[in-house]
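Next comes just one chain, in structure tokens: the form predicted on its own.
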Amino acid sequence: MASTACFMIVSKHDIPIYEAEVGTVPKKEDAAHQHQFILHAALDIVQDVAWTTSAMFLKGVDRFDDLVVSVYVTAGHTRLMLLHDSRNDDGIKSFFQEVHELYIKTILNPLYLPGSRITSSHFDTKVRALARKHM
């Protein structure tokens, strides 16, 4: 697993609906907030790049020190964003594809309100398991 990895799902209205530190626990207390800030700062770049390509997986759209922001854009323009220090592009793409399937199952649930935060412990457990599996 990557030593640093922060995963976030952002709705098409730029509202974070799921966040998780999926790598090892940050050493500094500020690291989690810094990771969120880096991902939010990359949203403008993601929006520009998403309109220039038909690919769903956008690898390496932004960098901060030795951390890279990779993004997977769904057909509904929901962004799955991962801040990582790994060089495993195939594993990251597989992670995004499986989380996308899990996300689709979640939003198809009639009890889920579209655009609201995903608070399911089952979803969280599955995402963390997929991160361990692919990174």
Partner chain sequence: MAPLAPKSGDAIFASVERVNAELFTLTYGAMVRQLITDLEEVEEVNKQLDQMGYNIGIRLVDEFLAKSNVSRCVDFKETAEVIAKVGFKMFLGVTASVTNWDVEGTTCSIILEDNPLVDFVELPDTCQGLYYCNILSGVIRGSLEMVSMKTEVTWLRDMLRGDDVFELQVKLLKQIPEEYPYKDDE
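Small disclaimer: the values here were computed from a predicted structure and weren't measured. Residue numbers count along the first chain shown, from 1.
Another form, the form predicted together with the partner chain, is not on view; read the next lines as being about it.
A.B. asks: Among 88-96, 34-42, 106-114, 56-64, which stretch has residues with heavy atoms no more than 4.5 Å from the partner chain in the predicted complex?
C.D. replies: Contact criterion met by 106-114 only.
A.B. asks: Residue 120 near the partner chain in the predicted complex, any heavy atom under 4.5 Å?
C.D. replies: Output for residue 120 is yes: heavy atoms within 4.5 Å of the partner chain.
A.B. asks: Does any residue in 33-53 get within 4.5 Å of the partner chain in the predicted complex, counting heavy atoms only, and if so which ones?
C.D. replies: Nothing in the stretch sits within 4.5 Å of the partner.
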